[in-house]
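First comes one chain, alone, set out as structure tokens in the form predicted on its own.
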């Protein structure tokens, strides 16, 4: 009998921790009134292996993932997954009722170094490049440390997300800061400022205690400043009624 070909599963170094998903579930429930009049569809524009499929919610779950190996795993978990670049989303304006995502943090997971994995001292190293087992596809933010390329890519993705998000819909962002040469990089604050600049309204910012990965543990031992929590930040896209009300108030000021 011919032996079946072994299927190699490409792991992902930064899938949603259960603790984060629990917090997202609670926040979605807390703000569910905002979703009464918007579509039940939820999008993760950086889907990875489809962790958002584990959220406790009704409705369709969509994702975009640039690496086919990870996109296939998201599909297997029930995420309607588009393989491509989130700077060009394939859906019309207002198609999604909610967006929930954890973008890359621009930290050491973006390292391009590929170690000799036969050497035991490297077994605990983590990066997108190492876990995928090949160079990342051009346009994958997993290869970008914080800098102009990182900011330009995410600014374009966030603009597309705001476009496809229905008025009144929620945007939930899971993000974490990190230090470089002992200096915190201000990654969450940059994302918040950018999303607010695109018209979203900040509703809540919640800290979730998490001790981090092996890279964080190493920095902690060296006495380098580390962040022992991740953030889940909730935004809302203003409803059409709110926009009209603001316009009416502006008109009143003219008379």
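Residue numbers count along the first chain shown, from 1. Being a predicted model, the structure only gives us computed values, none of them experimental.
Absent from the display: the form predicted together with a small molecule. The rest refers to it.
Check whether residue 226 has any heavy atom within 4.5 Å of a heavy atom of the small molecule in the model of the complex, and answer yes or no.
-> Output for residue 226 is no: heavy atoms all beyond 4.5 Å of the small molecule.
Is residue 62 one of the residues lying within 4.5 Å of the small molecule in the model of the complex, judged by heavy atom distances?
-> Heavy-atom contact with the small molecule at 4.5 Å: absent for residue 62.
Indicate whether residue 142 is a 4.5 Å heavy atom neighbour of the small molecule in the model of the complex.
-> It does: once the small molecule is placed as it appears in the model of the complex, residue 142 has a heavy atom within 4.5 Å of it.
Residue 234: touches the small molecule in the model of the complex, heavy atom cutoff 4.5 angstroms = Contact check for residue 234: no, nothing within 4.5 Å of the small molecule in the model of the complex.
Among 201-209, 183-191, 226-234, 43-51, which stretch has residues with heavy atoms no more than 4.5 Å from the small molecule in the model of the complex?
-> After filtering at 4.5 Å, what remains is 43-51.
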